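Structure 1 and structure 2, given next as structure tokens, are two forms of the same protein chain, each shown alone.
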Structure 1
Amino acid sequence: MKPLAGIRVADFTVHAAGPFCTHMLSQLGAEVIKIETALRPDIFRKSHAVYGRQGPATFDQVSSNKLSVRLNLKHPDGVALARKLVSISDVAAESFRAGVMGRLGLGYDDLRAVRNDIIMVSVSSSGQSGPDSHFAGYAPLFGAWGGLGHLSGHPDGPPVEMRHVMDHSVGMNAALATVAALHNRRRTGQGCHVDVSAREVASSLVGDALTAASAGIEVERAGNADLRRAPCGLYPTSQPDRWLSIAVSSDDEWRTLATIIGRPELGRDRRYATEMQRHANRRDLDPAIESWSVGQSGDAACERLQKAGVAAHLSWAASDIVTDPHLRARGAILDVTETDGTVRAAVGTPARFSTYDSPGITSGTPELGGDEDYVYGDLLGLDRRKIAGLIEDRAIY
């Protein structure tokens, strides 16, 4: 049995950060019911070319495993039905701008009135309180505002825009906080409101830089350089856009690398004799390594370096990962079947539990409203006439 088996989540989240939180909960065994409306479906349901695939790729990733129902939250009967769904749920998750759920009549106090131990998880740009809480935002804003973007990129270039990795980092933090809240409820019987600020997640990932800045130290973008190791970086190979990652951690590794690239004299050069000296002169080393790597097959160079004891690997593209036998064997990459019969690759959970070996994902992307008979009929006990009336009145729409 999966760790969160028996837990039900009423999922009001949209876009990527919030849905990735509930997606992770679903992989751990929670029953997640995604709530949308045909009047304004999740924007990521719209087909968009991303990663070379035409279709709702982002939505497919974060919505696998979930059930789907339609609810018009602008209709009083829709709000009433949402409260009824929350009353039989353990978690209510949302990712609207701060205050939106309250104005809909679905704020934390409203939900506590229907289930006093409910755990409400709110994912927003800047949190539910504070002078900036009214701001909306997407992943690039989170990374930029949180300071992570400024630290990402090369020293002579601009900050790097953070996209999906930012959404997923926020979602992972929100999922962890949700599990912690569920554990606390098991101990105390009390629910709580979990407030996750996306920009604060970004700042939490650069804590060392914030500490340095508070001491008056200017922190600059480092590109692929390491704070200690040298040489350390990505080097071109003879194959287009195939990059070789090398990280030298000891004097012996450096001398070995110097011999492999045909420059043994560099291994004897006093300017590079110690880690500290190599780091200070690292920009002088990169051209020598690049002049060797650019004439090498990436796979062959990687294998040769690894056998010699030098840490190296190709910087894998998504096509490498999705076909990797190791990840396939572990279920980290698996195939799921969509409702139309299409089979596609999906990303499984990165965690394994000895008590069960079932895959994290068991179903594909849900159709909008495709699980209403089960949710409204079996779970909430509404008969077909009542459901039909709510649909006709556009409370379910």
Structure 2
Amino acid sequence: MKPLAGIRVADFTVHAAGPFCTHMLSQLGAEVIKIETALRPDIFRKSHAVYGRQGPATFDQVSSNKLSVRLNLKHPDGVALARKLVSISDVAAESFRAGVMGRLGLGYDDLRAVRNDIIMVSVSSSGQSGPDSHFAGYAPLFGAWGGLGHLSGHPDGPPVEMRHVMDHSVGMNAALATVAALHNRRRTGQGCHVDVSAREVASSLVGDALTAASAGIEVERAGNADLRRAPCGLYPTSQPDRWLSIAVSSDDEWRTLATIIGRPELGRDRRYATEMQRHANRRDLDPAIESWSVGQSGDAACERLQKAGVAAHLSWAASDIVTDPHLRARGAILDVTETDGTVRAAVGTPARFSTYDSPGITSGTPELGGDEDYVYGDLLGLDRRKIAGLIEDRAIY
């Protein structure tokens, strides 16, 4: 049995960050009921333009495993039904702008009134309080606000935009906070309102740099350089755009690397004997590694370095990831069969458990409203006539 089996989540989240949170909970075994409306479907469900191309984004990935019901939250009976759904759920998750749930009649106090120990999880760009709490935002803005964007980039170049990993980091943090809140409920019998701030997730990822800056240390963009390790960089191989990352973290590794690149004398050179010296003289070392790496097949060079105990990995594209036997063996990448029979690669649970070994995803993308018989009928006990009436009245729509 998966660890979160028996936990039910009423999922009001949309876009990327919030749905990734409930997606992780779902992969860990929670029953997640995605609440949508045909009036305004999750824009990620619709084909939409990303990077100038019309096409799906991550909806399939983050909706896998979930159940789908339609619910019109602009209709009073829709709101009443939403509350009823929350009353039989452990967690209610949402990712609207701060205050929207309250205006819909679904704020924390409203939800607590129908389920005293409900755990409400709110994912927003800047948190539920503070002068910027009304800001809408997307991943690149979270990264900009949080300093992650400013600190990423070439030392002589501009900041770098964060992409979906930023959204999904927020979702992963939110999933963690949700499970912690469940532990709290088990111990105290109390629910709570979890407030997840995306920009704070961004800044927490460079928390050490912010701590250093608070003590007057100047922290700036460093490109691919490490503050301690050298050599540390990306080196070209014989294949175009096939980069080999190497990071040396000990004197032994350095001597091994020097031998592998055919320059054992560098390994004995006193100018590079210690980590500090290698770091200070790192620009001298890169050309020697490059002149070796550029003649190597990337995969073979990487294998050879790893076998000798030097930390190395190729810069992997999605095509490498989805076919990797290691990730497949772990279930970190798996195949999902959609209802139309299409098979696609997807991301699985980011850890393995000795108590169970079933795949993280067992069903594909749900049809909009595809699970209403189960949710409204079996779980909430509404009879067919009542459901039909709500549909006709567009409360279920």
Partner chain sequence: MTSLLPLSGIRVVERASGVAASQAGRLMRLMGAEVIMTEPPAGSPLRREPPLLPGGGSALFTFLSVGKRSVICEPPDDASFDALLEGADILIDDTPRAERAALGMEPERIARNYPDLVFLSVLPFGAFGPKADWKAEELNLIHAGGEGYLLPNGLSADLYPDRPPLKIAGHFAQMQGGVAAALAGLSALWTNRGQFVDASVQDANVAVGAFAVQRFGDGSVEHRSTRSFKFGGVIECRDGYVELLTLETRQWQGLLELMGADDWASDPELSDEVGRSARGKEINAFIRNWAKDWLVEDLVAAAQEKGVPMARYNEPRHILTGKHELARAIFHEVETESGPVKVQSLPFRFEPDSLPVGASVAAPGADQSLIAGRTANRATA
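None of the values given here were measured: they were computed from a predicted structure. Think of the rigid core as the biggest set of C-alphas that the two forms share within 1.5 Å after superposition. Counting starts at 1 with the first residue of structure 1 and goes up one by one along its sequence.
Structures 1 and 2, same chain in two forms; the form predicted in complex with the partner chain is found in structure 2.
Treating the change between structure 1 and structure 2 as two rigid bodies, the C-alpha atoms of V170 and A93 are both best fitted by the same body's superposition. If you fit the larger rigid part between structure 1 and structure 2 on its C-alpha atoms, the smaller part is left turned by 15 degrees.
Here the two forms are laid over each other by their core, and the C-alpha of A258 is off by 4.3 Å between structure 1 and structure 2. On a core-based overlay, I289 has a Cα shift of 3.2 Å between structure 1 and structure 2.
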